[in-house]
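This document opens with one chain alone, in structure tokens, the form predicted alone.
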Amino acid sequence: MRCFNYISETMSQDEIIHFQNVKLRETIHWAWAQNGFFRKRYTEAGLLRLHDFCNAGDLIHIPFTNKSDFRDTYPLGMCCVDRHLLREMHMSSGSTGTAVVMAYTSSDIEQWAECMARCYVMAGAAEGNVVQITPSFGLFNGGFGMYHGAQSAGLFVVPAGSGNTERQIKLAKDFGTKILCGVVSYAVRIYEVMTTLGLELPDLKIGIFGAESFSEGMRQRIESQLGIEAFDIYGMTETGGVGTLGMDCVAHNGIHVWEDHYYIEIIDPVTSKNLPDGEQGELVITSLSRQAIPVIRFRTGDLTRVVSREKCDCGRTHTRIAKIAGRTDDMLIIKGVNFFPQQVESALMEIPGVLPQYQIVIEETDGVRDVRINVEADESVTGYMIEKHLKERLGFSPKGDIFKQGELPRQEDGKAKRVIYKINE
């Protein structure tokens, strides 16, 4: 097996647990000493002496944090270092009005680059391979995170950025791109443009996709269309960016969490109690090595479960979690049935002839919600086929229409807009 950091990626679970306990104490003490926000929170929770915190078992006494805390302390109210030590910042879109900001010291950027480099190597990247980075290079962390990691892994970077799909395909051909990075919906768009324009398929080998969840069916479609092996990379603004939390390996049996950098908990999203391995719940993250803004018991809102803490077939020993099933705030309730958008995608991808573009339109009339699922498909697919299959998988029969390829709206860059809300007057 090839690793970017063999010693760290193959630590035994006993070594990981010991290491995490040491780093947890350091992180809690650091936040207490350096920032009044954390000190006030801990004091209000009854943690009056830092020596009361000894190991991971004491985390239950530490209050949770969430996105609201980042927004309430915008821009740098949770920062634990002097401003002159900061070297970079990134932020979320701020769809609720105030953005989530993550700041970085030089050490934080090195940590980010290390985590991302591990992902590249785990996917099979070798020194000198050409990686084409399609997320934008701006406030969103995707482009820069993939760049930092590629530099550490010794890759040849084509910093294409977002959009201009025809040029993306030309660059991939001209420079011999082996690794394509971006969001999975953009990989779908690249294939569409290639087939529409009759362009030759680039010699891609690896696809690393993040920022939006995708089903196993979607993975298989992308792999067959582009001739690649697709990997699901995980990270978020609050944890430091893309790749910081981990990725699935060639075994594709769960996302390896970089446990020497992050401690994970799975909690019941309603009761906030810790759940045993194997049970699905909300992922909670505590960073172990970040300086500027350490996240401590951060409620991600992402739903997953621990798949295994045993050594993986790939040789790595870090805990694996399941692909993100959805978000606690993404669950849709229609006609008494609860479901997540990814369940719709999984069901649609099982129907021969259905294409990867679809919309989930939530229509509300006089306070009553209904759902319409619009899909692109070839001529062999009928509305009855789709309705019947979704009824079997989701438990209700949604309305919807079938469109020819290219008829549903596209976004030339960024994530696909899968869920649309419409209020009927």
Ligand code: DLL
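Throughout, we count residues from 1 along the sequence that is shown. Everything numeric here is computed off the predicted structure, so don't read it as measured data.
What follows is about the form predicted in complex with the named molecule, which we do not show.
Figure note: of the listed segments 126-134, 164-172, 141-149, 196-204, the one touching the named molecule in the model of the complex, with heavy atoms no more than 4.5 Å away, is 141-149. In the model of the complex, at least one heavy atom of Ser213 sits within 4.5 Å of the named molecule. Proximity of Gly254 to the named molecule in the model of the complex falls outside the 4.5 Å heavy atom cutoff.
By the criterion of a heavy atom within 4.5 Å, Ile233 is counted among the residues contacting the named molecule in the model of the complex. Using a 4.5 Å cutoff between non-hydrogen atoms, Val295 does not count as a contact of the named molecule in the model of the complex. The putative spot formed by Thr237, Ile324 and Arg327 is fully lined by the named molecule in the model of the complex; each residue has a non-hydrogen atom within 4.5 angstroms of it.
Checking Glu345, Glu114, Asp260, Asp302 for any heavy atom within 4.5 Å of the named molecule in the model of the complex turns up a single hit: Asp302. Proximity to the named molecule in the model of the complex, defined as a heavy atom within 4.5 Å, singles out one entry of Ile179, Met102, Val242, Ala187, which is Val242.
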